[in-house]
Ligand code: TRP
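Next comes just one chain, in structure tokens: the form predicted on its own.
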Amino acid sequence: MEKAQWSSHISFIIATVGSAVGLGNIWRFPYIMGKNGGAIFLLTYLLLIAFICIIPLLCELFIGKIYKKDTVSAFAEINPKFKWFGWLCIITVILIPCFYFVVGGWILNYIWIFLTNRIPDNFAQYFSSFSSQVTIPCFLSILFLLMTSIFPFRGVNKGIEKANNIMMPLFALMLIIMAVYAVTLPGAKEGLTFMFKPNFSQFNSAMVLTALGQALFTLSIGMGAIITYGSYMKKDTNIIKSAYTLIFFDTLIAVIAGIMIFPIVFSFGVTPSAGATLVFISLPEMFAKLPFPSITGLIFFILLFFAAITSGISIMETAVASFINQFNVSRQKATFILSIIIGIITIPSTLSFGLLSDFSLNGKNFFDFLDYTTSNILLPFNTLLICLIAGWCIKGLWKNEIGENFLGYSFNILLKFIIPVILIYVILSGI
């Protein structure tokens, strides 16, 4: 069977940006930046993402382009002993949607309440009541799973590529509209100052560690998604240019998300370090006080929906591609089997805020356990192994793909020695 390919370089960039741009940019990035000093965190994040995180990103793109295979098959071809690592990546991308799609279900619910203008008086009370229910949150999580599964089911060009080509431009348009609206609010200047005027006295090693973890999370590194999307690239694609294009747009979107959120936050006197509740409690309460609250809230949560589903598509596709080749099944059957597996694990994750709230693993409810284990341990660990395999086990990778020049030698030193040490530190801190 002929290997699927992106129809154009632009489609590859849009799809890969769609993979990287997700809840990590709109939900996670602003509140983490708020908790870590604003502008100084942003500056640290930009430096790390441009000079450190580019290395594992390039590795995944190189592996995808060179071997033209799914994640499991690619590592098995490098060395049959590495096949288990390919499966570890697949386990990771099966576990991530089991909590990620729960948040997707919450987003669908908020789209509904703003669409029907059923805005609660107290969002803190509303969110607690809604998330602790059994039927509706489970139904919406499974609905989000099914909505995501449609696109891998239809294939690379008719499904994944078409979805990203429509959703990502709409996402960008909505984000810009919301950001422009936010900077016109009273107090916007204070929000922008917090975001762009660094206070160097707030710089510390813990903040650097947090910035690195966020950079890895937002670029979808360590789960095999970039390998899978890279395997659909055409042979003449310039990988280095593509990697920096991806980083540019992913970072630009994260920064615009901050421009959208911080002026609103400062306009209403909310602390910028409000935490993960910022999106589902603090921001909706602020939207309710703005002119045209239904429209503002609806645009924001549709924006969040596009971010969540484009990343969800890439996560699903990574596992689907490996299932197709490893079990010799059709794309449709692979998508169906994975949807059932993910759906079964998603149910207890959804119930973590109600029926199963007393059940804990390592002191965390099931939802938080999946989130913490994948984000803080598996993704950095997988990234570490990708760097070690690419640096020490693929002969001539940097010479063949970059060249024997300053850039190539720098890449080689970072890949083999510096990045692994940093990642080991991140993993130990996470554990």
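Quick note: we count residues from 1 along the sequence shown, nothing fancier. Because the structure is a prediction, the values reported are computed rather than measured.
Keep in mind that the form predicted in complex with this ligand is not shown, yet the notes after this line are about it.
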query: Which among 324-332, 140-148, 310-318, 195-203 is in contact with this ligand in the model of the complex, heavy atoms within 4.5 angstroms?
result: 310-318
statement: From Leu283, Val102, Met223, Ile160: within 4.5 Å of this ligand in the model of the complex by heavy atoms is Met223
field: The unique member of Thr218, Thr296, Ser131, Thr346 whose heavy atoms fall within 4.5 Å of this ligand in the model of the complex
entry: Thr218
task: Indicate whether this ligand has at least one heavy atom within 4.5 Å of a heavy atom of Leu338 in the model of the complex.
output: no
field: Residue contact check: Leu23 to this ligand in the model of the complex, 4.5 Å heavy atom
entry: yes
- request: Find out whether any non-hydrogen atom of Ile96 is located within 4.5 angstroms of this ligand in the model of the complex, and reply yes or no.
  value: yes
- prompt: Are there residues in 331-370 with a heavy atom within 4.5 Å of this ligand in the model of the complex, and which are they, in order?
  reply: none
